[in-house]
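Form predicted on its own, single chain, as structure tokens, below.
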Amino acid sequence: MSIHQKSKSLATLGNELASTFIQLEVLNGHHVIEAKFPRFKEKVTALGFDPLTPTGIEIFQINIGKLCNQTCAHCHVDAGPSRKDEVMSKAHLEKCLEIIGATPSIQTVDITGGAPEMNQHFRWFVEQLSQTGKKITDRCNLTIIVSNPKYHDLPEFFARHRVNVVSSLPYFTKSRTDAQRGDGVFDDSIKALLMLNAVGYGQEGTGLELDLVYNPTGAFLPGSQVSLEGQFKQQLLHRYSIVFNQLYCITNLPISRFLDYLLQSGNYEDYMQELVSAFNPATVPGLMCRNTISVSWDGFLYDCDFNQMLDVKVEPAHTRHLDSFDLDALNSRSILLNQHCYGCTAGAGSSCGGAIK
């Protein structure tokens, strides 16, 4: 069994960037580095989005825990094996089910982590969700499938409940993947992909969707999603006889471990300037924060997964938790913006579903 651990989490190391307040101070030029960039909110306001508002909640994204079998170098969640206490309770999952069932506009339930499968209630939750008729997406890191015998049947479980599997694979080569995700990750990912293919995932006519996620291994923006998808499909098929449906390109946002990497490597200012210079107004109408609500392991609500990791909770304050979920208030809220949002509007844009434009 490989140990997929490149480093320890920021929280375990006692790194000051484990503090979301410090991260926001850095992003706004008040701490560590004095570099200041144009205010993202002013860019959006100039386009007539004052404020930026939702188009309606279609995606209910739930981070069911920061516990993970990997400690990846660029993880914006700062997940890892040490985050054992930050796992969603069954009571909160039951509340999620109640909200999902009572909200017809929610079309997709997006389950993420950490390694979401390590939550002890994960299978029960998926079984319950499969009865609602909603699309279920699981953001699986692949290595969890082969890391322990108790997870070896996950491909069959996913197939049985028609779960859309979305998995990160930084590249189709071992060196670049392991550099970002940890030693042994690539080999185990290939094994897991073959297991998923064997039960029908990615195969034409099965309806079992297997999507991959690419994010750069360094301080640069992703290339064309269409071009990269073609390369990934060609190389994975040729080298390993692996097939999949779509490739999503996601820009690394300057938060958590990636922010630490940027500062430690001296790339922070250049990377932020690259994001600012690549600002694409055409991406703003399709930003994922407009049709998504993000739920943390402890039940709080956020405009997006990245705001969640910076602990920037939704406004208005009275509807910040599952226990006070107010659909009308959330649908009319002002979305909270900060400097990290440049990552979602650079170039072709970036969302949990890949490029926007």
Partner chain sequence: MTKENYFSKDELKRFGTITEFQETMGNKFFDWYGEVMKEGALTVREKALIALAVAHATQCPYCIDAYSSACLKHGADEEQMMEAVHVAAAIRAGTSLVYSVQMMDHVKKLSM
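Positions refer to the first chain, counted from 1. Note that this is a predicted model, so its numbers are computed, not measured.
This protein has a second form, the form predicted in complex with its partner chain, left out of what is shown; the following refers to that one.
Participant: Counting any non-hydrogen atom inside 4.5 Å, which residue from 158, 171, 268, 258 sits next to its partner chain in the predicted bound form?
Facilitator: Flagged contact: 171.
Participant: Using a 4.5 Å cut on heavy atoms, which of 214, 201, 186, 122 is close to its partner chain in the predicted bound form?
Facilitator: For this set of options, the contacting one is 214.
Participant: Just one stretch in 99 to 107, 173 to 181, 78 to 86, 192 to 200 has heavy atoms within 4.5 Å of its partner chain in the predicted bound form, so which one is it?
Facilitator: Within 4.5 Å of the partner lies stretch 173 to 181.
Participant: Is it the case that residue 262, even though its partner is missing from this view, gets within 4.5 Å of its partner chain in the predicted bound form, heavy atoms only?
Facilitator: No.
Participant: If we define contact as a non-hydrogen atom of the residue within 4.5 angstroms of the partner, is residue 221 a contact of its partner chain in the predicted bound form?
Facilitator: Close contact exists here: in the predicted bound form, residue 221 approaches its partner chain to within 4.5 Å, heavy atoms only.
Participant: Check whether residue 128 has any heavy atom within 4.5 Å of a heavy atom of its partner chain in the predicted bound form, and answer yes or no.
Facilitator: So residue 128 does not count as contacting its partner chain.
Participant: Looking at the partner-bound form in the predicted bound form, is residue 246 within 4.5 Å of its partner chain by any heavy atom?
Facilitator: Residue 246: no, not in contact with its partner chain in the predicted bound form.
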